[in-house]
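Before any questions on how it binds or moves, here is one chain, the form predicted alone, in structure tokens.
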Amino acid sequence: MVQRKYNFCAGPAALPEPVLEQAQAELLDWQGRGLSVMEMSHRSKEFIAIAEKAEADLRELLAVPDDYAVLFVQGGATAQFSAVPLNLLRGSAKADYLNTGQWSKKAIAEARRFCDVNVVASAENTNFSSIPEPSEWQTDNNAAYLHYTPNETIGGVEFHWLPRVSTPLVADMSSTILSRPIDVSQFGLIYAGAQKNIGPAGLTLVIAKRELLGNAHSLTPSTLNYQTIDDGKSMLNTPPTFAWYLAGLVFEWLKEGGGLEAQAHRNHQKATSLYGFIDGSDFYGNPVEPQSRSWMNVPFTLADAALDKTFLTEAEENDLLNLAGHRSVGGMRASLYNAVSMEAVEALMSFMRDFEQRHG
């Protein structure tokens, strides 16, 4: 048996070991068919059954209403920065965006290519360490929708509440989807890159209220047109079949683990334990206001930044991988996605405690 290490990567992130083991067992021969999922035609009855089950399981996990389309698309969440305005402006020239971190900024920059972006509020003046109070928001009555990023992977800032607005609510849930239950009916559209809690990179989920579809800009490419994708059952062209299959295995794993209520309990426990350890130390610190801290991505700093490289080197020697903070902010970051176990978090805290004793 290969000795697995503890992977705290922000993405592509850790995958559940039972999923990897099942994929390994089926790699050469999927359910006695004599070929791999990677070799199947996406039009075959075998793969269509895989795709339909994955969608059904996802709908069950998230309690997706029947009047919402579920799309499995390519291009990563970044492609949705363009797809959202192209599909949802519906003749309007304006859209509202919240700026709470680096991914919000990227979405805003892309949307400005297609419309007049009203930045409702920005946390840039606090170095993205908090979420602006709703009383400070300046929405535009003529905006076609409001876009926000519920969880910022780089800064470790997360909404623990749902924005209440009169326009359709659009969310980039790449790093928080499936980590807990959500009320899908409160959103006009949700999109999420797969490589955090869904599966391997190369696949993106889009969950959209069907009444918002069908009015894409005339210049929208067919591969970004939600109505066209929905009409084609996410198979306008060859989809990322193996990633779709693996996502389906992850959905099964979540269901077998008690669903999203149980997963939320596990994720809350992991995050609470690590934040509690950091707050109880004079050697480590977290820059995010407590009420805005992410369950999924925990950035932290050392009292002496000169020790950062030593920390990362020794962490790897102790089988703790991918703890470097994003290059734009530095420091450390532990991503605690669904497949990261409490055992991994305990191993990290044990190492951090030892490192502090030796270097603090």
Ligand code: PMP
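All values derive from a computational prediction rather than experimental measurement. Counting begins at 1, following the sequence as shown.
Keep in mind that the form predicted in complex with the ligand is missing from the display, and what follows is about it.
Only one of A77, L189, L274, I131 lies close to the ligand in the predicted complex, with a heavy atom inside 4.5 Å, and it is A77. For the candidate set T100, Q195, N267, T241, a heavy atom within 4.5 Å of the ligand in the predicted complex is found for exactly one residue, namely Q195. By the criterion of a heavy atom within 4.5 Å, E158 is excluded from the residues contacting the ligand in the predicted complex. In the predicted complex, none of the heavy atoms of D96 sits within 4.5 Å of a heavy atom of the ligand. Within this chain, S234 is remote from the site of the ligand in the predicted complex, having no heavy atom within 4.5 Å. The closest heavy atom approach of F72 to the ligand in the predicted complex falls outside 4.5 Å.
Per the 4.5 Å heavy atom criterion, the ligand in the predicted complex is contacted by stretch 195-203, the sole one of 195-203, 225-233, 117-125, 242-250.
Along 172-192, these residues reach a heavy atom to within 4.5 Å of the ligand in the predicted complex: D172, S174, S175.
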